[in-house]
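One chain follows as structure tokens, the form predicted alone.
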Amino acid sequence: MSGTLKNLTLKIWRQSGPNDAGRFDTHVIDEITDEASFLEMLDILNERLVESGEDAVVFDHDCREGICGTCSLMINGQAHGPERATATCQLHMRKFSSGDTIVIEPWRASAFPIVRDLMVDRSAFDRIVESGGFITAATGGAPDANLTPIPKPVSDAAMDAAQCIGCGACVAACPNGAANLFTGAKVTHLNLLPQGQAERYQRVENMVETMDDRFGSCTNHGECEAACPKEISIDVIALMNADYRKAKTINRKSLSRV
């Protein structure tokens, strides 16, 4: 790699397991090019740690293209770091200056217990999706692409919500550890489309109540929107709340007829 070389001090959270006491370890890492990604910088650190007989820092990563959402790090107190609309894997060292001290932590939320070091368990998100993130689809051949007309504003709004990669930055940034932006995105993605209408009100009730069992309450701080690497608007929370209020009436009436 070419580019300007930088010397940095890293304060990295190390924790052997969910029930162990954690600590910050300090590492001085030199000659890191500003063209390296943040995860490449951690790779270089880990190579040096292994070469010296120390344990590598454990962190989540997969696609490294801002798609999978696993690169979940709190960097200097900001979810995914200082660059807006950017996942950790897309963050480059040019955003830092030589001589900087960088504090690297895992997501801090009770719903995301630490597995080890910088890796957390985000399976609470899976429980929300399992409770309602599906649609009824007829069996047989695939329907024609334009068989179900969808107005462009509706399809655009649904696609905006569908951009959610489930990274958990919204939860980590929220003072209450709420998951309303994530849940709102998943609900809105399906509830706006014609294909999602069959389960619409059962879906929103199930998903919101599963969320409430595991996460804190939303009090409209807006930190979730600012931290989201896909810039999902808090409008999805308003849409989810509106559907949830309707669902409590509609679903109760449906049960009374049984």
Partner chain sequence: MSMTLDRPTLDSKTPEGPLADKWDNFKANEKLVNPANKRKFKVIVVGTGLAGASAAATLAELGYQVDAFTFHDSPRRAHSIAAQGGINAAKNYRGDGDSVHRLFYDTIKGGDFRSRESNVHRLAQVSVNIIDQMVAQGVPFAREYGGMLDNRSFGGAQVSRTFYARGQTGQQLLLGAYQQLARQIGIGNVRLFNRTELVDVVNIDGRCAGIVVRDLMTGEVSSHSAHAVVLATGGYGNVFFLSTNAMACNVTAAWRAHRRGALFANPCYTQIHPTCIPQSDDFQSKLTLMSESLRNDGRVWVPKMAGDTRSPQDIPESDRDYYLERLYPSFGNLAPRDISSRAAKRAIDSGQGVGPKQNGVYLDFADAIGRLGRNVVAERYGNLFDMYERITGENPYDTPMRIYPASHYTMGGLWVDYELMTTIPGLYAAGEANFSDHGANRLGASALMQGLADGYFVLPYTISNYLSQWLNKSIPDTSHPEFARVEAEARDRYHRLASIGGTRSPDYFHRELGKIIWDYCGMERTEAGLDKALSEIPALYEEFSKDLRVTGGEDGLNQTLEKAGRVEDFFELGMLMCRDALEREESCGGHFRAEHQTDDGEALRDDENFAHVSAWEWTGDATQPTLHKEPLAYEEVGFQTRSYK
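Since we're looking at a predicted model, the values are computed, not measured. Residue numbers count along the first chain shown, from 1.
Beyond the structure shown, there is the form predicted in complex with the partner chain, which is absent from this document and is the topic of what follows.
Residues with any non-hydrogen atom within 4.5 angstroms of the partner chain in the model of the complex fall in just one of 170-178, 73-81, 141-149, 98-106: 141-149. Using a 4.5 Å cutoff between non-hydrogen atoms, Ala111 does not count as a contact of the partner chain in the model of the complex. Residue contact check for Leu190: one or more of its heavy atoms lie within 4.5 Å of the partner chain in the model of the complex. Interface membership of Ser233, defined by any non-hydrogen atom within 4.5 Å of the partner chain in the model of the complex, is ruled out.
For the chain shown alone, Val57 is a contact residue for the partner chain in the model of the complex, at least one non-hydrogen atom being within 4.5 angstroms. Taking a 4.5 Å heavy atom cutoff to the partner chain in the model of the complex, the contacting residues in 58-73 are Val58, Phe59, Asp60, His61, Asp62, Cys63, Arg64, Glu65, Ile67, Cys68, Gly69, Thr70.
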